[in-house]
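Only one chain is included here, represented as structure tokens and corresponding to the form predicted alone.
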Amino acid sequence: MHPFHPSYVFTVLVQLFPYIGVTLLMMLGTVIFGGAIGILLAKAKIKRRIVPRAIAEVYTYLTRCVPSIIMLFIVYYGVPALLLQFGININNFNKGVFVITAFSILFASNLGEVFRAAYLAVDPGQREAAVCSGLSEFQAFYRIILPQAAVHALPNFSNMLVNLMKEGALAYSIGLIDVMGEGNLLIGRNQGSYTLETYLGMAIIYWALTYVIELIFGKLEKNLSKGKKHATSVA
């Protein structure tokens, strides 16, 4: 075991920096597709129609019970094998597609609950007052409901984004080279040397990304809180 070399942490940071984009791209793709599914789930539960609500409830229950690593393996190994039975070969797809698909499925169930709770947290009387004052349903939602619901949703959404970033490190288990994947490759190339320094470098990157996420959402929440007060006064 060689002595600890703090200076090598900076070498690791330089080598891992280009792969931050891969990590962020996986997060962005998951938020987009998972968010779209989450909106549909929240809408199905809010509208209270029996069939869509039942489908949404079953989807949420099943996906929230599956660990991330298992869902990732099911999507990466199971889906191609299933589609191959129908003559469809997706084995040559980019690994990022499988990562985004797996985490979108999981992300959507939790995000749907966040959207639903945020919408229900807004007094329905405000929508009625806005419509009575001459606004259309869309204008009432966009100008009155959405800013207030966003304030309720942002703290949970921020926490979910941080958790998504950390769980996204599991993508290296199927060979995706992101921050975690490249870090493990560095350890392998160094034949196990500088392991602590490498993991410290990765930890610093994840700490920095977490700080940036919390800073951005903190400012968003502050700005939207002002909008919420204005929307309340208008209603």
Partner chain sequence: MKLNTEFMRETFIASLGGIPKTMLITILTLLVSIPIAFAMALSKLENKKVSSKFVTAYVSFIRGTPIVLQILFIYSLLPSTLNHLIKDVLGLSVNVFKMNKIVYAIIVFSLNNIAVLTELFRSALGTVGHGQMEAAMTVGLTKRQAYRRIIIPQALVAALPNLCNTVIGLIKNTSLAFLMAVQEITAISKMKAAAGYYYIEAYLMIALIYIIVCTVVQLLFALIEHQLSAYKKRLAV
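Residue numbers count along the first chain shown, from 1. Every value quoted in this text rests on a predicted model; they were computed, and no experiment measured them.
One more form of this protein should be noted, the form predicted in complex with the partner chain, which is absent from this view; the next part is about it.
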Decide if the three candidate residues 41, 154 and 220 all line the partner chain in the predicted bound form, where lining means a heavy atom within 4.5 Å.
no
Given that the partner chain is left out here, which of 26, 37, 186, 200 has a heavy atom within 4.5 Å of it in the predicted bound form?
200
Which residue, 54, 46, 62, 32, is the contact with the partner chain in the predicted bound form, using a 4.5 Å heavy atom cutoff?
62
Examine residue 180 and determine whether its closest non-hydrogen atom to the partner chain in the predicted bound form is within 4.5 angstroms.
yes
Would residue 165 sit within 4.5 Å of the partner chain in the predicted bound form, counting heavy atoms only?
yes
Does any heavy atom of residue 96 come within 4.5 Å of a heavy atom of the partner chain in the predicted bound form?
no
Quick check on residue 88: any heavy atom within 4.5 Å of the partner chain in the predicted bound form?
no
Of the residues spanning 67-87, the ones with some heavy atom within 4.5 Å of the partner chain in the predicted bound form are 67, 69, 70, 73, 74, 77, 78, 81, 82, 85
